[in-house]
Each structure stands twice: as C-alpha cells, then as structure tokens.
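First, one chain by itself in structure tokens, the form predicted alone.
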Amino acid sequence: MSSRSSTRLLMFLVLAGFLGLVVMQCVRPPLENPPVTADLQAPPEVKRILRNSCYGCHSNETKLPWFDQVAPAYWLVTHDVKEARRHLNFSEIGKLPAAQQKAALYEAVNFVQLGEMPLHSYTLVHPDAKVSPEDLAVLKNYLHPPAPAPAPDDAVKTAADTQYDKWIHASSAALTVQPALNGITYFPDYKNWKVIATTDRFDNNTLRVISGNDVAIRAIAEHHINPWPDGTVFAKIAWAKQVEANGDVRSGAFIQVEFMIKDSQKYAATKGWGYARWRGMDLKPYGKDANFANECVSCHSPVRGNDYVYTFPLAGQLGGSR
C-alpha cells in the first residue's frame, strides 16, 4: 500500500471515529436531580466530608464535571449514580428514624474504612473525592464519640478465652437449642461456613464475623447477589470488643449469633428473608414473640436496594464483586 493510500485510510478512520463519537453524544439517558426532601442532618465538618466524597453519587445534588458529560463516560456515570442513590441517598435519608439513619451511615463509613468507597474507578478521575485518614476519623467520631478505653482486665480476658474455647468446640449434640420464636431452627453447622466479611462496630464496641452457607458462597462466585437466590443463609456472629494496652483489638465475650434465610415465598411477609437470633452462650431465642422479625426488617429497610442485605463481599473476595 502506498503512503498516500495509508494516509487516506488513516484520515478515514479518524473521521469515522470522530463521527461515531458525535453520534454517541445523542444517546443520553436522563439523569435528573429530584428535590432534596430530607437531607442528612449532621455537624458541618461531617457534611463537608460527605458532600466532597459521597454526594456526587449518593444524593440528589449530582453535579457532573465536563469530562463526565462526554459519552461513553456519561453512560457509565449515569448508571453508577442511579445505583448509588438506590442503595443510599443522603437527600432522602432524613425520612428514616434516627437509629436507621445511624445504621445506614455506619455501613457507609465502614465501606470507606475498608477502602471500598469511594470506588477506586471514581477517585481515579475525581481524586479530590478521596477520604483522608483524618476525615475518616471525623466520621467515626461522629458516630461514636471517643471515650477512655477501659483498662485491660486479665480476669475478663481469661474468661473470654475460656468462653471462646467452649464456643468453638461446642457440639450441637451437647446443646439443645430452642427454635426462634418465629419457628426458625438453629443452624449448628454455621461455624464451618466460609467467612464473607468482618465488621468492627466501633459505634457499639463489638466485632462481627459474617459467614455464608454453600448457596451464598456459590452466589458470590457467580455474581448472583442482588437478589440473592433462595436457600442463601447468612450467619452473623458478634463478640464484645476488647482493646489491649498496646492498642491491639481482640474478641471478648460472645454476644449472639443471628441468621438471615432467603426464601422469597415462605418469608414474603418479611421481604423474602427469615430472621432468627440467639443470644448468650445458652443460645436463648431473641424477642418477646414472633413479631421480633419486623424489627429486623425495619433495620434492614435502608438497604432494600441491596436485597435488604447490609454486608456485601469485598472486591475480589471469594471470586465475588464488591
């Protein structure tokens, strides 16, 4: 091919690419900013951080810079903003009871603490949205104002270690566990399930491990987590948090284990999930009557867009997403 022909071909390709880019700008899914009806009420320093790092996607006050206005970037941003608002919208969070607002904000801060939010793909082109360690400390202190840590107690630590050994070696045959008040039976094998995530509840000084049964683990591997398939079961095990003299954190006394069981038909009245909780080493069923599950549904309603599940697998964990 002659140099003249090569030049013509190159010019044709450039022109075709330019025309294609122009045509792409005509395809613009709408991205509206509805009125702010119930904005989060928080101290100015907290709002400053959230506006800088979160409101761009998680509010009705989205302001796209020019480079996000250009397709195909615009398509990706529009999709991400709509998904983000569905999961958590700071412009509407004020409609929720105070306890639910705090729970939703805690989960958001926990994702920041784990490095999951803001998304890495977002901060690559919006570097100012990164949350600094100092800003993270401000958010955590807002949720749980700092207080002097209790002095380590060797007797308490020894008791917790003894209790943990008893818990880990306890045989289901050696302990008769009463069903939950809604009829759900205990899952004695949950100690052998794979861990999906861990949570440091700095707001109430507890440590939690979330594990899943085989159905849950397979759903993660297959990226089938919204909605989760019927048969999914999660276990959330909670311990008191102990802080050592050197600042190390360890598990203390066992508090409870709770389960979420997905059956969209059987548990339709509670949004497709069955809930059960047992407290203390004697595994006493939680609640006064079967209606305790409504409390669980109410607590999980802020994450209805996530199929009512707060805790998602971290990026790359178990072959899953998020």
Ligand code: HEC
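Counting begins at 1, following the sequence as shown. Rigid core (definition): largest C-alpha set, two forms, superposition within 1.5 Å. Bear in mind the structure is a predicted one, so any value in this text is a computation, not a measurement.
The next section is about a form of this same protein that is not shown, the form predicted together with the named molecule.
- At a distance threshold of 4.5 angstroms between non-hydrogen atoms, residue 219 is out of contact with the named molecule in the predicted complex.
- In the predicted complex, the named molecule lies farther than 4.5 Å from every heavy atom of residue 39.
- Heavy atoms of residue 92 never reach within 4.5 Å of the named molecule in the predicted complex, leaving it off the interface.
- Using a 4.5 angstroms threshold between heavy atoms, residue 61 stays clear of the named molecule in the predicted complex.
- For a residue to qualify, one of its non-hydrogen atoms must sit within 4.5 Å of the named molecule in the predicted complex; none of 189, 239 and 255 qualifies.
- Heavy atoms closer than or equal to 4.5 Å to the named molecule in the predicted complex belong, across 79-109, to the residues 80, 83, 84, 87, 88, 107, 108, ordered by sequence position.
- Taking the rigid core as fixed, one finds a CA shift for residue 76 of 2 Å or more between the shown form and the other one.
- If you fit the rigid core between the shown form and the other one, you'll see the Cα of residue 276 move by less than 2 angstroms.
- With the core held fixed, residue 223 shows a CA shift below 2 Å between the shown form and the other one.
- The distance between the CA atoms of residue 296 and residue 139 is at least 3 Å shorter in the predicted complex than in the form shown here.
- In summary, the C-alpha positions of residue 292 and residue 106 diverge in the predicted complex, ending up at least 3 angstroms farther from each other than in this conformation.
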